[in-house]
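Structure 1 and structure 2 below are two forms of the same protein chain, each written out on its own as structure tokens.
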Structure 1
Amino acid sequence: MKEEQRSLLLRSSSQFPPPEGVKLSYGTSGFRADAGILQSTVYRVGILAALRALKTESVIGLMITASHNEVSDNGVKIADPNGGMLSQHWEPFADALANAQTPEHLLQLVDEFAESEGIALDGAKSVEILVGRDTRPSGSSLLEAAKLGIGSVIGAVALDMGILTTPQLHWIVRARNNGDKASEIDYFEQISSSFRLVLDGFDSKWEESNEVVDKLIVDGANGVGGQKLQVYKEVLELNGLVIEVRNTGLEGGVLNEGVGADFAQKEKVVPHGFGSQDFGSRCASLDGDADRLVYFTVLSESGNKIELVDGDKILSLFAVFIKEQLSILKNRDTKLGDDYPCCIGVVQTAYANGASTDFLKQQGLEVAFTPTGVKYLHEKAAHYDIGIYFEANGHGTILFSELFLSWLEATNNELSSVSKGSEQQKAALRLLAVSKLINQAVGDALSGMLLVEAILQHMGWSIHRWNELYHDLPSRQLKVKVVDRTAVVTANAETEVVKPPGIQEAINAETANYPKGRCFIRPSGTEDVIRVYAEASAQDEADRLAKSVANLVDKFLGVGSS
């Protein structure tokens, strides 16, 4: 490392001492904590992003957000060149950097890491880091810290992209590295035009169906997703989708407080701003940075309960639709080129409702499981030609392999010369349009919502019809405060505890008391708790099973236990 670089890093890092007595970890999806202690972490992630850009010789993203956490929290994460999550192989370095106690230690870590990764810190290359943030008030001062971190690596330049949803930043990074048009406007142009294309390929069955079709009402979680939708909804309305946005945050509500996808999914009650007047309507809820999406309806004209249509149902809708298009394509009578043995797979986590997994398997689909966290699901889904992944909490997308897309392009070209306008050609066009509509970088509530809307129109389905695809098994989630959550180590996509010894056997014994019972525990990646999930054939059984397993956790590891 050149002397100039050395003294720049020492000088700037001395302005950002780490918070005392706090150990930070990159976690499931970046660093998250109370915004008041994050200046030094965000500064250091700026350095990390600059190193990553130098290593990959590509544009890198840095997003300042804490998703569905309360407004006083914030966080930071990195988008890799392909728009995906930071390579897991760099996470230990991220942890070490965030926790370095002195500027000298930080310098040493950078020096050693750059050496081992073969990153030349000689200022010879110039790289860009795109910095985005959500609407949190702490975002702008943390942005300055990120810029200083980036600027302390010679050759790295920070570009402030302003307020964006997390998936928008990931999309922009990916598009930039692919040499495509890559502004926020380009993002909206792409998703709204491909939404129109998907719809053009369909004969909407809504007109002929007896289902009541109304506008879509969206809960924006008082965050960035609501704001963006409010600004761009006219574009979408031009394309035939009527949207009413509530909780944009512009009317004074607090981010994620009694609103948003996480609230709706966990509490199963109406978000603020919704109520009996919405009985029967099709409603959707985004989370604080708009990478999660759930749908719901208000259950009755009195009371505040909702019927949740979660990520598992979105996954099932997408899977049914994609399968339908593939089978239309397969039936083409013109013998055109080689048949492509398209390998389609769906990816879920242990939180997926058992009824959804049964449904997907009945559809003849291959279902794979990974631990919680988008980085795991995404990686697995990328193994398929069409990989559909969703967490029950609403985070997911559809990935198309390059190979499959080129086959599809070629097939579409051939079909359009031989049988233009045929059902087969329309199916090819629809799949191509879907691959442009749905975010290929990461799960995206806005683009996911447009695809749901397009498919519902195509099927002529109301939200109630969609929800009838299968009936969820009753479930219950609880969390238990423990002394040290890292004491719990799991295996088999978090369905089995391997440490501490004895607890899995105790969970098995408890679960055996319930005929359709299923239960697992896992350490949270975002909070200092152990999470408990239980499923059974009746709600009171699921409640009892969760409660007794939570007691077991408390006995083995709880704050009160020694």
Structure 2
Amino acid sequence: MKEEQRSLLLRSSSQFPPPEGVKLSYGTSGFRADAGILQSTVYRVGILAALRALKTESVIGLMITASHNEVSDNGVKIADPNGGMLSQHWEPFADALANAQTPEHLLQLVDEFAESEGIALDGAKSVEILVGRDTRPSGSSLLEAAKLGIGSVIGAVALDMGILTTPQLHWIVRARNNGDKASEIDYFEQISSSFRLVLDGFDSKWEESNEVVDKLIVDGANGVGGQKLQVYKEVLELNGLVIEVRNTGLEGGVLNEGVGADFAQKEKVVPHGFGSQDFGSRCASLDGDADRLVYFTVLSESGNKIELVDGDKILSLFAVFIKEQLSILKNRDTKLGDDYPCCIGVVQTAYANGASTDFLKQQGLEVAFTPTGVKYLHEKAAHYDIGIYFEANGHGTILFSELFLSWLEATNNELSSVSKGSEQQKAALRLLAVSKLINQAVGDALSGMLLVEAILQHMGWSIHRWNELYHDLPSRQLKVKVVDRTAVVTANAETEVVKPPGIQEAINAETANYPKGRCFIRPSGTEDVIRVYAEASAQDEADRLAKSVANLVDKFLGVGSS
């Protein structure tokens, strides 16, 4: 490292001393904490982003957001060149940077890591880091810290992309590195035109069904997603989707307070701004940075309870539709070209409701499980020609392999020359349109919502018909405070406990008392608690199973345990 570089890093880092007594860890959400203690962390993630851009010789993204957290929090995370999350290989270095106590230690870490990774810090290369933020009031000052961190690495340039949804920034990074048009306007043009193309491939069955089809009412969580949707809803309405957006944050209201996908999914009550007037209507909730999506209906004209249609149901809808399109394609004249042995896979975590897993397997689909966390789901989904993943909280997407898309393009070209307008060609066009509509970089509430709406039109289904695909098993989640959460070690996608010895056998014995019982425990990623998840055929059984297993955890590992 040149002396000029060393002086620049030392001088700028001294402006951002780390908070005392705070240790931060880079996880699936990046770094996240109270905004008041994050300036040094965001500055250092700016350095991290610059180093990542130099290493990959690509455009990198840096997003300032805390998603569904309360408005006083904030966070920061990296978008890799493919639009995905930061390589897990770099996470320990991210932790070390964030927790370095002095400018000299920070400089030493950068020097050593750059040498081990073969990153040239001589300023010979010029790289760009795209920086975005959500609507949190703390975002502006944290943005300046990120820019200073990026600028402290010679050759790195920060481009302020303004206020964006998190998925928009990931999409733009991916598009830039693919050599495609890459701006917020390009994003909306692609998803709106792809939505229209999906709809053009079939006649809406809503008109011929007996279902009452209302406009879609969207809860924007008083965040960036609601604001973006409000701006572009006229474009979507020109394509046949009538939307009413509430909780945009423009008319008052607090980000994620009594609103949003996380609130709807956990509390199962109407968000602020919704009520008896919405009884029976099709409603959707985004989260604060618009990477999660759930649907719901208001249950009665007098109450505030909702019927939740969560990420598992969204996944199931997507899987049924894609399987249908592949089946149509398989009926084409194979003389036109070789059939492609498409491998479609659905990826879930242990938190997925057992009824959803059973439904997917009954459809003949392969279901795989990973540990909790989008980075694990995304990585596994990429192993398939078409990989679909969603968490129950509404975060997920669909991935299409380049090999499959190339075959699909070739098949469409062949069909257009000999059987243009056939159902087989329409199926090929639909799947190509879906691959452009869905955000393959990361879970995206806006693009996912458009795909849901297109499929519902195709199927002629109301939200009520969709929700009848299967009925969730009753479940209960609890947490138990323990002395040391690392004492619990799990395997098989967190469904079995390897350590401490004996506890898994005790859980199995307790679960065997319930005919449809399922229960697992896993350590929290951030606090010394063990999370308990239980399912059974009735709610009181799920409650009893969860409580009895929580007692087992307390016996083996609780605060009072020796």
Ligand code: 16G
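Residue numbering: structure 1 sequence, from 1. Because the structure is predicted, anything quoted here is derived from the model rather than measured. Under this definition, the rigid core comprises the largest set of C-alpha atoms superposing within 1.5 Å between the forms.
- Source of structure 1: the form predicted in complex with the named molecule.
- Once the cores line up, the CA of Ser548 ends up 2 angstroms or more apart between structure 1 and structure 2.
- Core-superposed comparison between structure 1 and structure 2: the Cα of Val497 travels 2 Å or more.
- Relative to the superposed rigid core, Glu510 undergoes a CA displacement of at least 2 Å between structure 1 and structure 2.
- The two forms line up on their rigid core, and Val532 then has its Cα shifted by 2.7 Å between structure 1 and structure 2.
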